[in-house]
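Only one chain comes next, encoded as structure tokens, the form predicted alone.
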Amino acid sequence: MKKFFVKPEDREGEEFVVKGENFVHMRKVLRTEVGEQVELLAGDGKVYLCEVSEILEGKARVRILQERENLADPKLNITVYQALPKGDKFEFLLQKLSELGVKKLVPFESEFTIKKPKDKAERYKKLAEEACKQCGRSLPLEVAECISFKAMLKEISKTEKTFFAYEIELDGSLSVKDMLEELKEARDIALIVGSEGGFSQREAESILEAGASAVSLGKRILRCETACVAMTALVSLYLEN
């Protein structure tokens, strides 16, 4: 079924008004007609089954037939900090982390980051909305602006539980099983993954000092995008997020 975004303030009684880019997408791209049933996502934790009742100049009115809790919305606050990778890997991760129930994706620069940040806020917003519709969430993944390594350390120091993927075993490094055991009661979680070159020893020590725990993802060295998806999937599925 066709899905469209609206805002809570677009509701007028038992109707929603679809306008702006969403109306253009509804009318010009998907050629939605009066009488069709659609689903609306308003970012309020619900899914609205609606029927298009009227198409006007620049907007459409849709009548609410049914509203229900959106079971696809994330229950936990999971933030992923990803050192900016090369190529289009970040866009791939944006899509996959949307599906895996991540609330926020934060790119950051590190010693081994090769790609330099570019202003792609509008593109990332559209990709997040598309991924949101595909997986059934009512609120898109938030994609933050690229921050410095130092700023990332400051942010994770305030998080309830923070883990970072590190291929070199350190004193106190956790296995995946250990990490999941520590997460049983956590509601606010941060996961950190390096870029193609991983983290330097100095960076790893700084992350530990900021309160994070190192986690080994196995005996093989994973690509940064594989490590990010694997780590997030394990946490989200284990916590039924």
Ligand code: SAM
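Note that this is a predicted model, so its numbers are computed, not measured. Sequential numbering from 1, following the sequence displayed.
As for the form predicted together with this ligand, it is not shown, yet the points below apply to it.
Shown alone here, residue 206 lies farther than 4.5 Å from this ligand in the predicted complex, counting heavy atoms only. This ligand in the predicted complex comes within 4.5 Å of no heavy atom belonging to residue 233. By the criterion of a heavy atom within 4.5 Å, residue 229 is excluded from the residues contacting this ligand in the predicted complex. Of the heavy atoms in residue 193, some are within 4.5 Å of this ligand in the predicted complex. Taken together, the three residues 199, 218 and 221 all lie with some non-hydrogen atom within 4.5 angstroms of this ligand in the predicted complex.
Checked against this ligand in the predicted complex, the residues 128, 165, 153, 84 give one hit for a heavy atom within 4.5 Å, which is 165. The partner is not drawn, yet in the predicted complex one stretch among 178-186, 209-217, 64-72, 40-48 has residues with heavy atoms inside 4.5 Å of this ligand: 209-217.
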